[in-house]
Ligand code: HEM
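Given next, in structure tokens, is a single chain: the form predicted alone.
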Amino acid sequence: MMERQQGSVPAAPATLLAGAVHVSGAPVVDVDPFSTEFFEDPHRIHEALREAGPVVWLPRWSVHAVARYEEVRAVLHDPATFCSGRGVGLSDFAKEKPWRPQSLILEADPPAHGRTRAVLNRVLSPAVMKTLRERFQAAAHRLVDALVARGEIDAVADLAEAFPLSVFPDAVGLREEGREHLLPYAGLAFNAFGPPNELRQRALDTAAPHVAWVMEQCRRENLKPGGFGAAIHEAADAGAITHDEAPLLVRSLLTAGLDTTVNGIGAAIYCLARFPEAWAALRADPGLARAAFEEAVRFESPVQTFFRTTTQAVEIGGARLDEGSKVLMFLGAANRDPRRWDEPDRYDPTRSTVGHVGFGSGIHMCVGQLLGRLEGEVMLSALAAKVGSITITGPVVRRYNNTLRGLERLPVTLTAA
């Protein structure tokens, strides 16, 4: 389901086709943002896309794209013109059937979106996060103690995956059996947002057992009392949503609540290992833990891209788009746009990251962001308290996904403080 490759592959250059302009007025850039070459090193291509213009045309997949911060944010904040209900991947649900029932959150537009979103906002509210903090902190410290004792670890499997898997399923109220389906399911869901390439096809070919397990766990009788899942079903009892909608909302939580956090924590460890001055700053002031996680989300952008579909003819960035046009937003490129950020290619946990689009922005901003931020903060805080140094000790291997940016392996040595 996820392609893996060791070592580094030079990214194919983005080619601005010698003055070529699409009929919409957008410059034509020949690049495949869903290729393994792109996944290995997207940053040079992001720069080429930003410099080509505020809106570009990608002939590989016949879509318009925005890579500058201003235009990405404009699309995110105009759901009436750039809708999600026709799919946030390349597929247009007005023209083809979704591979699974549509998400009531990610793939919904107002007013329906607001009704279901309100339920998840209550289930994952700041007040609820406060009740979880102590439990999550204790779990983070236990894990870091064990990893420091080992010394040499894979910071992906042993830390970035292990920690969320130790707290998130219990917070949802999932049964113990079958939790190994969670990461493959999320991976396939995000791969399915991409084009009909090998990654997407392999994901869909292997989807059945993961989808079946997830949908079974979303039923009320399979969720433990007191968790997020039970709270969603209780919202159906109160009439906020229907009983048919409740399992789909639980599914949304399982789709978005794990992989993005895993990749965010992995990104933070990778950054802190490569930027010793940032690690020193965090060690000197563990109160920077939340900011260090936030900056890693900006710097690495675990969610790289999402699509929108135009509901009417619209002009953006000097290009004229027809109704039904797919628009690809490069969130990762926006998060390193020098028009918005000073020294964007430097990881700096003291930077103000207000306004980054690593969790999206606008009405579809990541519904699990508070949960992910809590997990990232308590883990980095525990590391800062107990680890003197983080040293990369072997080849770093990237995990390929049509939407997400993360690592497959990150071998490191943790030295006790």
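Every value quoted in this text rests on a predicted model; they were computed, and no experiment measured them. The numbering used is simple: start at 1 and walk along the sequence shown.
Omitted here: the form predicted in complex with this ligand. The next part is about that form.
K.L.:
Taking the partner as it appears in the predicted complex, which of 366 to 374, 43 to 51, 24 to 32, 63 to 71 has residues with heavy atoms within 4.5 Å of this ligand?
P.N.:
Looking at the partner contacts, the answer comes out as 366 to 374.
K.L.:
Using heavy atoms and a 4.5 Å limit, would one call W57 a contact residue for this ligand in the predicted complex?
P.N.:
Close contact is absent here: in the predicted complex, W57 is far from this ligand, nothing within 4.5 Å, heavy atoms only.
K.L.:
Does P349 make contact with this ligand in the predicted complex, using a 4.5 Å heavy atom cut-off?
P.N.:
No - in the predicted complex, heavy atoms of P349 and this ligand never come within 4.5 Å of each other.
K.L.:
Does at least one non-hydrogen atom of A292 fall within 4.5 angstroms of this ligand in the predicted complex?
P.N.:
Answer no; every heavy atom of A292 is more than 4.5 Å from this ligand in the predicted complex.
K.L.:
My question is simply whether R308 lines the interface with this ligand in the predicted complex - judged by any non-hydrogen atom within 4.5 Å.
P.N.:
Result yes; R308 sits at the interface with this ligand in the predicted complex.
K.L.:
Report yes if all three of L76, V88 and H113 come within 4.5 Å of this ligand in the predicted complex by some heavy atom, otherwise no.
P.N.:
Judged in the predicted complex, L76, V88 and H113 all sit within 4.5 Å of this ligand.
K.L.:
Between the options A281, L124, A273, A162, which residue brings a heavy atom to within 4.5 Å of this ligand in the predicted complex?
P.N.:
After the contact test, the surviving option is L124.
K.L.:
May I ask you to choose, among L106, V314, L204, L147, the residue with a heavy atom within 4.5 Å of this ligand in the predicted complex?
P.N.:
It is L106.
K.L.:
Can you tell me which bits of 243 to 270 touch this ligand in the predicted complex, meaning any heavy atom within 4.5 Å?
P.N.:
Going through 243 to 270 in order - heavy atoms within 4.5 Å of this ligand in the predicted complex - the hits are S252, L253, A256, G257, T260, T261, G264.
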